[in-house]
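Only one chain is shown below, in structure tokens, and it's the form predicted alone.
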Amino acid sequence: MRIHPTLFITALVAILFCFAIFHVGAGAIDIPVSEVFNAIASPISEHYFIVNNFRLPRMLISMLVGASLALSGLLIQGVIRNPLASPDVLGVTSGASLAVILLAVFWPQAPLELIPPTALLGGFIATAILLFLARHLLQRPAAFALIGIALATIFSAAIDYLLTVNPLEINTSMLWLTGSVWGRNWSHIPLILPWLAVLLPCAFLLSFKLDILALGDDTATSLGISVKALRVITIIVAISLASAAVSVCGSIGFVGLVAPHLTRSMIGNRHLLLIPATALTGAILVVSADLFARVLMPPIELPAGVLTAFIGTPYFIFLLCRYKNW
């Protein structure tokens, strides 16, 4: 089923707007939808403090994280031409998480600004290991994905070991590792917004070449595209997006896998249209996951990553079955 791209993107904007309003209003203190805008704009509102200091930045961070993870998955799938690729499935987010945990364990007083470059370094190291191990399997999606899963398992085991031998860090770290925007505030937005602001235009610049690359390496080369350089640049952009998201809220799984597939099934394979649609879809997934995680078991707040895993795991199994002959 295909939908006109303009109509689909407009619908996504409307859906995201609705979820954002409900996200700001939901919580231990429910704020009626009619009062949400007043609470944001009016300092004399009784809900002004809680909305502007806690809920509004949390909602914005959820949007930015979802958009970054979804775009990362789209770019990885496009450049590797692998329908099962995503930053979490391939172990990129696990590598970034391991790097941040190492920083927290060995330098607990590290400044907040040091987390993004640390996560970025971890993501690049994980990707370099993956590409080395699977250098002959780039055209075999299932095998490539399985190597990524194995790497992610190794990184997760290393994280578990570090938390076991450093029990004082376990509570905060476990909440972060499950993928949560709990406790995030305005100070966390500069950790991800500049990355998305710079890398989103880069993704648009790469969109036309990614469309040509989808026709095959030989066709792309004959049209004057350096396939190797394109892959390197696109992977750098994708890893940077995923690592920036991980540095803010930990590992929220399967957003980078589910969002690109949903948008492709609706509007086709043209990346110029897929990029905004996928970013909006990813933002909707994380904002809605965080919203439902807050209201399902009050007063307990589940991490958003728990709900995205419940959605993404069956979807990943479906994709493995669909591409079992690849």
Partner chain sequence: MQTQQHAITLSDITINYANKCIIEQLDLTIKKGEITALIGPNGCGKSTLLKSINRLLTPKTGCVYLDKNFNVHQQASNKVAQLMAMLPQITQSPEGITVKTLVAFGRAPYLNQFGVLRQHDHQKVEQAMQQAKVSDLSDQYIDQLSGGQLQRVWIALVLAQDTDIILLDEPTTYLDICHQFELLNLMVELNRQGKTIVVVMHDLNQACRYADNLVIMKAGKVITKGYPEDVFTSKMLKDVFNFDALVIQDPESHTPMSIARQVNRPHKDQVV
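Numbering follows the first chain given and starts at 1. A quick note: this is a predicted structure, and the numbers were derived from the prediction, not measured.
Omitted from view is the form predicted in complex with its partner chain, to which the following refers.
Region of this chain that lies against its partner chain in the predicted bound form, out of 238-246, 207-215, 84-92, 125-133 [heavy atom, 4.5 Å]:
Contact criterion met by 207-215 only.
Given that its partner chain is left out here, which of Ser34, Ser42, Asn53, Asn269 has a heavy atom within 4.5 Å of it in the predicted bound form?
Here the answer is residue option Asn269.
Tell me, out of Thr164, Thr153, Asn185, Ser222, which residue has a non-hydrogen atom within 4.5 angstroms of its partner chain in the predicted bound form.
Contact check passes for Ser222.
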